[in-house]
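Have a look below at one chain only, the form predicted alone, in structure tokens format.
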């Protein structure tokens, strides 16, 4: 195998596929990146941890076909520190990999590609076409609510629903719910599946073409995200997802209209005196009248009391919340004004748009 390519593009491809390289595997070959070169098909780099696989295509001048596996960490460090010139990569019959760039020449021991596991083919799949920027934003606006509790495996991923007209993503961790909905058009397939949070997290870091298309293929056991240059394959989580529609209250005792940026800033200031590991120190929300929300916090470090302007309809409330849950939701909401629906002083609250149903963030209160 022999090819020449740009150092920057090689570095970018390595960075992408490294996201799927195993870090705790007992199989040494999974610590590596599979490099495949074909004059007819180009150069492809692959990382795979037996759960998530990522393939990245690389533009290169290919002199000879071949394949090899190279240690991911070492390969990445070498390429990052090469001078900004073209890189020539060549292997011999003993699987020695020669990496040349300028006056730098590395010779690294590789492994046979024959032992590298094959990424599953997503066959008999339905597909949805989205803009990369749309899916990236939907991931960012839900991923923080994915559960890490392994005793409830179905909640360790995002629930993806396509109803033929829109795409919806839902995440629940037992204390909060994040829902993001995007109208796409018509003639979409009807399907639903649970994507592991890890795979979505890595996909969110890779997707960058705001106006570039992304094709999502789903089979019974796997999902494939294909940008054309990068393919991400992940095993789906099997099982029945929680009935999230039954969790969201249909109405509330109190409805509050508030600036999302003003409320975020106030809660962030309150969280400065709340130690992140101390869940017993909540942020308190009280309503002395129909036009003011008081945000307060009190810990051994000090106290904060701040009033922000709001518009309130219904009963006044006095309720405690974990500030982190509000901050995570408010940071990803792009609307200037939002509606917050409260179900009394002991029930959950839901952050919603003033019009439509593009998102919903449910947060459970803390008991006093």
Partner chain sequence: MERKILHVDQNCFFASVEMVKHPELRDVPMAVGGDEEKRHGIILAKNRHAAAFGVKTAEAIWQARQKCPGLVIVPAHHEHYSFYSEKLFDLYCQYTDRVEPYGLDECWLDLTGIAGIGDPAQVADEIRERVRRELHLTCSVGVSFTKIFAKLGSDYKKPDATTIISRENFRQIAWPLPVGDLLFVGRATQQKLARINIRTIGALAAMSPDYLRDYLGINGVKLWMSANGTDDSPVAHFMSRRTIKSVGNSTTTARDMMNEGDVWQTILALSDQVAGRLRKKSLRAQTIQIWARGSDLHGFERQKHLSYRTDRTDDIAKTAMSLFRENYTWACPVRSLGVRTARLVTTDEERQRSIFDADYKREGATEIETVIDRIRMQFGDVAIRRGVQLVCDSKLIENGVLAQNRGGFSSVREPGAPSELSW
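Numbering follows the first chain given and starts at 1. Quick caveat: nothing in here was measured; it's all calculated off a predicted structure.
FYI, the form predicted together with its partner chain isn't displayed, but the following is about it.
Trainee: Which one of 205, 109, 152, 81 is close to its partner chain in the predicted complex, taking close to mean a heavy atom within 4.5 Å?
Mentor: None of the others qualify; the residue that does is 152.
Trainee: Give me the residue from 320, 36, 328, 337 that has a heavy atom within 4.5 Å of its partner chain in the predicted complex.
Mentor: So the residue touching its partner chain in the predicted complex, by this definition, is 320.
Trainee: Check, residue by residue, if 139, 157 and 245 all come within 4.5 Å of its partner chain in the predicted complex, counting heavy atoms only.
Mentor: No, the whole trio is out of contact, none within 4.5 Å by any heavy atom.
Trainee: Does any part of residue 25 reach within 4.5 Å of its partner chain in the predicted complex? Heavy atoms only, please.
Mentor: Residue 25: no, not in contact with its partner chain in the predicted complex.
Trainee: Could you confirm whether residue 354 comes within 4.5 Å of its partner chain in the predicted complex, counting heavy atoms only?
Mentor: Contact check for residue 354: no, nothing within 4.5 Å of its partner chain in the predicted complex.
Trainee: Examine residue 217 and determine whether its closest non-hydrogen atom to its partner chain in the predicted complex is within 4.5 angstroms.
Mentor: No - in the predicted complex, heavy atoms of residue 217 and its partner chain never come within 4.5 Å of each other.
Trainee: Is it the case that residue 115, even though its partner is missing from this view, gets within 4.5 Å of its partner chain in the predicted complex, heavy atoms only?
Mentor: It does not: once its partner chain is placed as it appears in the predicted complex, residue 115 has no heavy atom within 4.5 Å of it.
Trainee: Can you say which of 230-238, 179-187, 144-152, 127-135 gets within 4.5 Å of its partner chain in the predicted complex, counting heavy atoms only?
Mentor: Result for this chain: 144-152.
Trainee: Could you pull out the residues of 160-181 that have any heavy atom within 4.5 Å of its partner chain in the predicted complex?
Mentor: If the 4.5 Å heavy-atom criterion is applied to its partner chain in the predicted complex, 160-181 yields 172, 174, 175, 176.
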